[in-house]
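Below you will find one chain, with nothing else, as C-alpha cells; this is the form predicted alone, and questions on how it binds or moves follow later.
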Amino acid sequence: MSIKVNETPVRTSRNFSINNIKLDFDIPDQIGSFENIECEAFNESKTRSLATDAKSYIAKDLDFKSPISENVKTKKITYGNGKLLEENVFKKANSKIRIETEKEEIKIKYEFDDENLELVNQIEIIGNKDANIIIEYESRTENPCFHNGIIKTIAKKDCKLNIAIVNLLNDKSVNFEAIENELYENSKVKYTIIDLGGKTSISNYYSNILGEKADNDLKTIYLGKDNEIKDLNYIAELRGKNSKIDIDVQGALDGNCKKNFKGTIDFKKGCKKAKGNENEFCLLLSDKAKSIALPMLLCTEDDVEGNHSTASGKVDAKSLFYIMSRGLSYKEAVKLIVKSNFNKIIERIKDNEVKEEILKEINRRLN
C-alpha cells in the first residue's frame, strides 16, 4: 500500500515536493520476537550490568541497581512518522526498554540476523542524572530487515545527556525512527545521529525545549547511494527563556539516491533571548543524486535569534586534485573528503569500537 509519512509541521507550496514522503510499502502484519539485544551499563566504578535476554533486563554481578527495565509508558507522540507507524509500535513492539539515568555509560545494540529480521521497539530515557547512551542497529544478514522505533527522552532539571543513534542496517532494509524530547530547566541534550544504513531510512526528530536555559545540540551525518531514500524531518519548539537549539547535518549522496531534509525551528511565546541555528550541507558524488532541503524559522516572540542555511555541491575540484597528486586514487580521495566532513561529528561518539564500525561502513559504502 501507499503510505504518507514524515509530514512537515507547516505545509509549504506543493512545488517544493517536500511536505511529506509517499512510500509504496506494506507494514508487516506479523511481528515475531527479537532476541539479539545486548544491553550494557557501566557506573563510575566501572561495575557492569549485562543483559542479552530481550524479555528480561536483569543485572548480573552488580553492586548498583540496573538502570534498564521494560516498564515503558505508551503515550501519543507529537509528530513522529505518522499514525500507522506509531500504532505499529504501540500495539506490536517486540522490544521495550526504559532507562532511568544515574551517571552511567549505557550501550544498547540490536543485531539483526536471519532469525531476527523485524524489530519494532520503544525506548524511554528518563534523565535524572548525567549519562552517555549509545543505541546501535546492525545487520548480520543479507536479508531485508525492518525497523520501526520510537525513542522518548525526558531531560530533567540540570541533567546532561549524550545520546548517539547509529544505523548500520544493510542496503535492503527499511528504517523508521521517531525521536521525541522534553528538556527542562538548565538541562542539556546532545544527540548524535549516524544514518548510514537502509534502502529507505526515514527519521523524525522533535524537541520540546521547555525550561529556561535548556540546550539541545543535534549533529547528524547521512550517506546514501544507488536508489536509496533518506528523509529527515527535524523540528524544535523553543518555549524556555534563554533556551537554545543547534542543528548541524552533514551528508553525502551517490548514485540515484534521493534525500529530503526538513528543518523547522519554532520560537514560541515566552522564549525571550532564545537562540536557534540550523545548517545542512550535502556533498553530491553523482550527477544523478538528488538533494532537496527546506529550512524554516517560525516565530511568535521578539528578542530571539534564529539562523539557518543549507547548501549542496560537488566535491571541490582543487581539493580532489591536491589529494590525488599525493598518490591517492579518485575513490580514495573522495573517501578522504567525505570522512573529513563527517569526522567532527563521528568524534562525538566516545566508544572506539563503535567509531571503528562507523568508519568501516563508510569505506564499504563508498567503494
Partner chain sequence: MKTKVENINRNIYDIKNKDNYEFKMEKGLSKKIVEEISKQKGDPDWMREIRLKALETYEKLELPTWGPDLSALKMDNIATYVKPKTNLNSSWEDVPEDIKNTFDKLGIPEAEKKSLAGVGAQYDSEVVYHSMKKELLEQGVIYTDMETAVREYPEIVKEHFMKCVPINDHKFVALHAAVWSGGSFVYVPKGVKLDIPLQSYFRLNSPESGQFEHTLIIVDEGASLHFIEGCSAPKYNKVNLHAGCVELYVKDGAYLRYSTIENWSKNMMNLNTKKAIVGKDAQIDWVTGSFGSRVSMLYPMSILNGDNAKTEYTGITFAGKGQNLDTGFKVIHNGKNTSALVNSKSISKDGGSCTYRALVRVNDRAKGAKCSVSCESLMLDDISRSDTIPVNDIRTDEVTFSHEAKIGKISDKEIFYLMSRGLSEEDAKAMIVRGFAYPISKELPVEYAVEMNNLINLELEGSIG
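On a predicted model such as this, the values are computed, not experimentally measured, just so you know. Numbering follows the first chain given and starts at 1.
Form predicted together with the partner chain: not shown, discussed below.
At least one heavy atom of P295 is located within 4.5 Å of the partner chain in the model of the complex.
By the criterion of a heavy atom within 4.5 Å, G306 is counted among the residues contacting the partner chain in the model of the complex. By the criterion of a heavy atom within 4.5 Å, F112 is excluded from the residues contacting the partner chain in the model of the complex. At a distance threshold of 4.5 angstroms between non-hydrogen atoms, V72 is out of contact with the partner chain in the model of the complex. Against the partner chain in the model of the complex, the set I125, K160 and S173 makes no contact: no member has a heavy atom within 4.5 Å. Between the options I345, I18, L359, L23, the residue in contact with the partner chain in the model of the complex by a heavy atom within 4.5 angstroms is I18. Of the residues K219, K225, K188, K273, just one reaches the partner chain in the model of the complex with a heavy atom at 4.5 Å or closer; this is K273. Residues of just one listed stretch (285-293, 132-140, 174-182, 87-95) have heavy atoms within 4.5 Å of the partner chain in the model of the complex: 285-293.
Looking at 213-250, no residue comes within 4.5 Å of the partner chain in the model of the complex, counting any heavy atom.
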